[in-house]
Ligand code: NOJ
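For reference, the chain that follows is the form predicted on its own, supplied as C-alpha cells.
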Amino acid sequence: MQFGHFDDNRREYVITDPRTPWPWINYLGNEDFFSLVSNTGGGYSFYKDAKFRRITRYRYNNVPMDSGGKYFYINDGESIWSPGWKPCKTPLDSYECRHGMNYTTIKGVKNGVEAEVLYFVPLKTWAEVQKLTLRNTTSEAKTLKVFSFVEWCLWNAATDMENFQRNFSTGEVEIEDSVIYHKTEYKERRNHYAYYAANVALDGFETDRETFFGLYNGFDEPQTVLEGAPRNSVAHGWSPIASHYIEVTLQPGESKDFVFVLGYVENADDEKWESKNIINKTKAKATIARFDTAEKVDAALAELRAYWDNLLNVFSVKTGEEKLDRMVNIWNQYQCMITFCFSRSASFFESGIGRGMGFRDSNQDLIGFVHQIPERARERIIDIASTQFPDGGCYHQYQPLTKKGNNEIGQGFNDDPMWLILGTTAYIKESGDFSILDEPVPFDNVPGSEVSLFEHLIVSFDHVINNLGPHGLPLIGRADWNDCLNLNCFSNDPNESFQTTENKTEGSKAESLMIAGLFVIYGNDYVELCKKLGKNEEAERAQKHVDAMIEAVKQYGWDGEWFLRAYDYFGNKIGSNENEEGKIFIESNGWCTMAGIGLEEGLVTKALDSVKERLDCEHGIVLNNPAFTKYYIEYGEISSYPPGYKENAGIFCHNNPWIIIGETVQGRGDRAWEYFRKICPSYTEHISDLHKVEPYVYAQMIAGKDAFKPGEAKNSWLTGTAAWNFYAISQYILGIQPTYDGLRIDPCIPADWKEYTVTRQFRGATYEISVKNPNGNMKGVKSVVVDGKAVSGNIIPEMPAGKICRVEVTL
C-alpha cells in the first residue's frame, strides 16, 4: 500500500494521505539553522545544536503521535481546520504534502478555501520562512480567522523537560509591531533570542500557552481559535508561545499571501540592548525585511532550488531503471547531505538531546557527501580530528555547538580511530587537496597541543597495533561498529547503559574481526597515502602491520565456511559454527571480503556464499543468525533485543552495502544488484504500510526474518546507510571511483545491463561516461576511450578545470 508517489521532475515526494503509518518528515536548512517538518506540519527548529539551541518545543513519544509543530489554524465560521490535517484532524476535502530538497509544501482544501503553506530555510539565513497562501475557490466572499502557532523551547532541550521549578518562572517575551520575540534568559548568560514575525498588521496575538489553548485543551482545540478571538496575552513565566491573529476576507477567486519568519539572533555583549530591558532587534528586523513580500520569498526559494540543482549535477546516472535513477540522482544524495549535517543527533527517532556528532558516524557520512561540497568536508574532518587523544583514541561523540567531546558517551570504541583515515583519504581523493594533512589540529581541543593532521592519522593507525589481543587481532574495547556487542560489560543492572558502564578491558581477550578487516582496508589506504607523499619508510612500516593482520585473520579468524565475528572476554569464539546461537555475523564477513582477505584461496567466495545461505532474506541481509533467544551477559546489549530486531538478527541497512561491495570484489554483479534492490527505498515503496517509515530515504533497521513483523523499518534518515549505499552503488556497482590520480572506472553490474551513462564532475572538470556491456559481462574493463583516443588501464587522468571530457568504456 502507498500513501503517495515520487515526482522526479520536481525532485519531490508527494504524500496524498496525511495518515501515513509513521510521520514522514523532511529537513529544512543545510548549514546553521535547521528545522524538521512532518507531513502534517509537526516538528521543531534549532540553531546548530539540537540540544543547546532548541528554538521550538517538540514532544517525542506522545499520544497522539507527532504532537507540536508549526501550525496554522483556520476558523472559517463553519469549522476549525489546518492545512496539514493535524492538529485539528478535521476531515479535509483534499490534502497534499510535497517534500522537496530542503523545502516542504502542505496544502489542504476545506469548504471552498485552499490553504497552502511553504516551509523552507533560505540559504545563509538563520531563519525559517513560511508562506501561507489562502485562496477562495467559491463564488461567494469568505471571511477567515487565521492563527499561527509555535511553542518556544527554553533553549536547552534537556532541562526544558526537567527543571520546571525554574522554567515556569523564567519565560519572557516582547511584542513589537507584528513580531513576537522570545527572550527567556537573555538578560543573564545568553546572547541570543528568537522571534516569529508576520508581514502584515496583526488583529491580535497570543504569547501565553494556557491562554491560547485553555489549560485542559490539546493542540486540536485551542480555546482562542474556537472562540475566534485572541486575548493578547503577554507571557510572564509559564510556557511562552507565539501566535499571530489575522482576519482576512477573500473575494471569489481571490488569493492572498502571508509571510511568517521564525528566526534566531545572536548579539555581542555590548550590543544586546536597545534600551533598558528592550532587546536589540536590528538583526532580526534586517532578516524580516529580506522576506517581507511573497516575491522575495519566491526568489529565495528559486535560489535554494538552483543550489540543489548544482549539487545534484555533480553525479548523475541514466540506466533506464527509473527507481535506481531517482535514488542515485535525488534522494540518496539528498539524504547524504542531511546525515552530514546531523550525524545521528536529530530525527523523529533521535531527540537531539542524547547524541551529538559521532566520530565514526561523521567520518562515514563524509564518503557520501564529499563530492558535493569538498570544502565543508574538509572543515568537518578538522573538527572530528580535534576530539582525538594523543594515543589515537577519541571521544565517541562531540557536541556540534561546542565541538567538545560528549563525556556522557566517553571513549574506548576501538574502531573509531581508523575511520579518520577513511574520511581523510576520501576527501583527498575527491579534491586533490593534500594540504589538509599539514593543518595543525589539537588533541581533545586543547590549545597548544596542535600537531599536523597527518600525525593524527599516524596515531589512528597505531592505536590499532598498540591494542592487539592474544591472536594478534584488534581488541574490541567498549565495542566496535556494533555498539551493542559489549564484550567487556557484564551488566545485570537495568539502570546501567551497556555502552558506558564499566569497561573491563584490562586483561580482556575480546578481539574483533570487523576491526581487523577495517584495518586491512584503511591500513592499505594509509600505505598508499604515505607512498604518494614520499614517506616510504612509514609506508613500509605500516605495510608490515597490515600484512601481519591479514595472516592473523587467515589463521585465527576463519571458521571453515565464513569469518568469525570476534573472540569474547575469555577468548571464546563468537560467530562460529561452534556456537549455539549467533553462528555467523554480517560485519566481519563484510569487511574481510571487502578487504579481499583470502581471495585467492577461495575464502571470499565461501564467506559470501555462507552469507547468502544463512543471512539473506526477503527484506535484506540480517545481522546475525541464528538470532539470540536468551540473554548472554558476556555479549551484552545485542542479546537483549527480541529476535529479528535491531542488532539481534535485524536487517541493519548500514552494513548490507559491505556485503554488496564484497560481492563486487568477487565480481558477482548480479548478486550485488539483488542485495542493493532489497533495501533501496524506491523499490519498497509499494509496501509502505508494512515498512512504516519514509519511502524516499533509507532506514537504519528493517525487522529481520525472525521478527514478529518482518519488513517493518525503524530509525529513518540519520543512518550511515545513506553514505554507504551511495558509496556502494556509485563506486562499486556503477564503478566510478575517485583516486589520487584521477577517476578509476571499474564497474561490477548485472549481466543483463547493456549500457548506462554517468555524468561526474571531478575537480572542476565534467566527465560524461558511457559504459557499454555488449557481451553480458559483470566485471572487467576491456577498453577506455577518452575524447576519441584509447587509453591504457582504467584510470582517467585529472583533466583541466572547465573541460568536458567524453569517456567511452566497454566491458
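It should be emphasised that the depicted structure is a prediction, and the values quoted were computed from it without experimental measurement. All residue numbers are counted from 1 along the displayed sequence.
Beyond the structure shown, there is the form predicted together with 1-deoxynojirimycin (NOJ), which is absent from this document and is the topic of what follows.
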Heavy atoms within 4.5 Å of 1-deoxynojirimycin (NOJ) in the predicted bound form: does W724 have any?
no
Would N625 count as a contact of 1-deoxynojirimycin (NOJ) in the predicted bound form, using a 4.5 angstroms cut-off between non-hydrogen atoms?
no
Does D483 make contact with 1-deoxynojirimycin (NOJ) in the predicted bound form, using a 4.5 Å heavy atom cut-off?
yes
Can you tell me if Q666 lies within 4.5 angstroms of 1-deoxynojirimycin (NOJ) in the predicted bound form, counting non-hydrogen atoms only?
no
Does 1-deoxynojirimycin (NOJ) come within 4.5 Å of a heavy atom in each of R355, E647 and Q700 in the predicted bound form?
yes
Quick one: from Y567, F585, W591, F652, grab the residue that has a heavy atom within 4.5 Å of 1-deoxynojirimycin (NOJ) in the predicted bound form.
F652
K429, R671, R344, K692: which sits within 4.5 Å of 1-deoxynojirimycin (NOJ) in the predicted bound form by any heavy atom?
R344
Among 274-282, 355-363, 505-513, 447-455, the stretch whose residues bring a heavy atom within 4.5 Å of 1-deoxynojirimycin (NOJ) in the predicted bound form is 355-363
Since the partner is left out here, which residues of 710-725 would have a heavy atom within 4.5 Å of 1-deoxynojirimycin (NOJ) in the predicted bound form?
T719
